[in-house]
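Shown next as structure tokens: one chain only, the form predicted on its own.
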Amino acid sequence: MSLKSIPLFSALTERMKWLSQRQSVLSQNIANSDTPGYRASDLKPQSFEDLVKGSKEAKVYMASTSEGHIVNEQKKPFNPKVEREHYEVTPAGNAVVLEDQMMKLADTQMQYQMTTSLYKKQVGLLKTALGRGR
């Protein structure tokens, strides 16, 4: 029996995958902050319903939104979407607001730390229940 067969660990693992993918998308936005015509993208927020359904049913894969974008060819389970609401666009057509992207990146990092902390706590509880914890 692996930890992935326990629903809580599976949900936490899925959350960490989503947060890692979001960090990658936000990093790509920041890297293209000077690219003319580039539009920022973000992942669709994870819903509790998708987490409850399980990781097998919630998988979608990443797709490029323009020919000029550099996209990692690995198949990823989450699909980024181009943000529609842009309140600041440069004359070259770039709609990436660095402050907004940095705030999202910091939020993603805090959520990742919280998720890994929950994962560690659950492993500790499991070890205690098995008589191996302190």
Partner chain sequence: MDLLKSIKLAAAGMKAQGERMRVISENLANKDSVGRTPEQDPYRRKIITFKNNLDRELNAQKVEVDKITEDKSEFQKRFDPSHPAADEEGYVKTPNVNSLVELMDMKETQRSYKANIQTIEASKRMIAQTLDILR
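All figures in this text were calculated on a predicted structure; none of them were measured in a lab. Numbering follows the first chain given and starts at 1.
Only in words, not in the display: the form predicted together with its partner chain, which the text now covers.
Although the partner is absent here, residue 33 lies within 4.5 Å of its partner chain in the predicted bound form, judged by heavy atoms.
Among heavy atoms of residue 65, none comes within 4.5 Å of its partner chain in the predicted bound form.
Looking at residue 28, you'd find a heavy atom of it within 4.5 angstroms of its partner chain in the predicted bound form. At a distance threshold of 4.5 angstroms between non-hydrogen atoms, residue 47 is out of contact with its partner chain in the predicted bound form.
Residues from 104 to 122 that approach its partner chain in the predicted bound form with a non-hydrogen atom closer than or equal to 4.5 Å are 105, 108, 109, 112, 113, 116, 119, 120, in the order they occur in the chain.
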